[in-house]
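The data below hold one chain only, encoded as structure tokens and taken in the form predicted on its own.
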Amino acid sequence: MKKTSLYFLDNLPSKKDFLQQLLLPDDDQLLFVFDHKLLKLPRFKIWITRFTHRYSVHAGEQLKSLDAFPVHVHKILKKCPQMNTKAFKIVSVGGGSVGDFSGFLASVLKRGVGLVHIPTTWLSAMDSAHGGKTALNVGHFKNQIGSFYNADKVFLIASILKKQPPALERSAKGELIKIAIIHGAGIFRYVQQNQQLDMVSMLPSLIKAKMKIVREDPLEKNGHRQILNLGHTVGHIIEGEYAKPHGESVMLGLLFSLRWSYQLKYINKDKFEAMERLILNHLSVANFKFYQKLLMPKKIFLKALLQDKKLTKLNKLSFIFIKSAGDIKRVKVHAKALMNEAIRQGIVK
């Protein structure tokens, strides 16, 4: 597994410093793929115009559409006709969808070019920019086509991350609490004891916790990395069907996983109640009300579930249960059993 270098910076580096970090004499072999919304930040708008090759995109799941991908590739090839595949690097500047798109693009363009991430949302900074997963969507089914392709470098810029609106911070808490539950120990205690979380100071420990798991199973061959899917099975269905933000959908998926874990007696009552209280404390009132009234039609839920990448020929998939903070259990369950539990919990009718 290629090692990714991490840089924690207060502000965007100068062009000279950035090129030095990338070991490039000039910016001729760089293409910046960036979220156009970042142009609202005056410092970023000035910074990005200092580089020659720029490709502005509209972030969101539509960016990851397989149907739209060839159009983007045609435009990029026109923009960078003198591409030297040994030196060329794509610099992704944006949130998770921009990173997924750029990572997949880097992995297939000219059979693979360099990749640098500058995540600009809390969610991408703590999770999606690390670990090498890239993906495109097919229709409204998420992440059906992808690759494992690690970035050469990841730059975490505190001044940009702090400019994110509160809604994006709330969304990031889904992945944050997921990592806290998986890791246990200090991260979980900190989340338990603090309603207001210092996201910048938490980033190094969150990334370290995730990468410890990734290094044990970088290409998802032995199944260990699947524990990072905690909350994602149901979370992805909610996200795909109702266009909910990823992190908020994962939070709802965590609630589902926790309640099923308690139903199957994997977790005792005291630990269950404490963990449920923690999740609900960080879940918005609007999202909780949405979840309580969800009642997704059975056919829609099952159709989305059968698109899950972890599904086997026998319609079984690895589901991640919770025994306690730091003690996670991966179990093969039948799709029908999962749907029956969704009916029992009142989110499917």
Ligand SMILES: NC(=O)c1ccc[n+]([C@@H]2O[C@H](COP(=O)([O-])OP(=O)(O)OC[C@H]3O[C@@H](n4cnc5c(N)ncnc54)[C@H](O)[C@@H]3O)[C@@H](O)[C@H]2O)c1
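Note that residue numbering follows the sequence shown and begins at 1. Predicted model only: the values in this text are computed from it and were never measured.
Same protein, other form: the form predicted in complex with the named molecule, not shown, and the subject of what follows.
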* Asked: Just one of 266-274, 79-87, 116-124, 183-191 has heavy atoms within 4.5 Å of the named molecule in the model of the complex; which?
  -> 116-124
* Structure fact -> Answer key, the named molecule contact in the model of the complex at 4.5 Å (heavy atoms) among Ile160, Leu206, Leu258, Leu109: the residue is Ile160
* Structure fact -> None of Leu30, Val33, Leu305, Leu38 but one has a heavy atom within 4.5 Å of the named molecule in the model of the complex; the exception is Leu38
* Asked: So in the model of the complex, are Gln226, Gly253 and Gly346 all sitting within 4.5 Å of the named molecule, heavy atoms only?
  -> no
* **Proximity of Ala59 to the named molecule in the model of the complex, heavy atoms at 4.5 Å** => yes
* Asked: Any chance Pro165 has a heavy atom within 4.5 Å of the named molecule in the model of the complex?
  -> yes
* To do: Tell me, yes or no, whether Gly95 is in contact with the named molecule in the model of the complex, where a contact means a heavy atom of each within 4.5 Å.
  => yes
* Asked: Is there a non-hydrogen atom of Ser128 within 4.5 angstroms of a non-hydrogen atom of the named molecule in the model of the complex?
  -> yes
* Asked: Within 130-158, which residues come within 4.5 Å of the named molecule in the model of the complex, counting heavy atoms only?
  -> Lys133, Lys142, Asn143
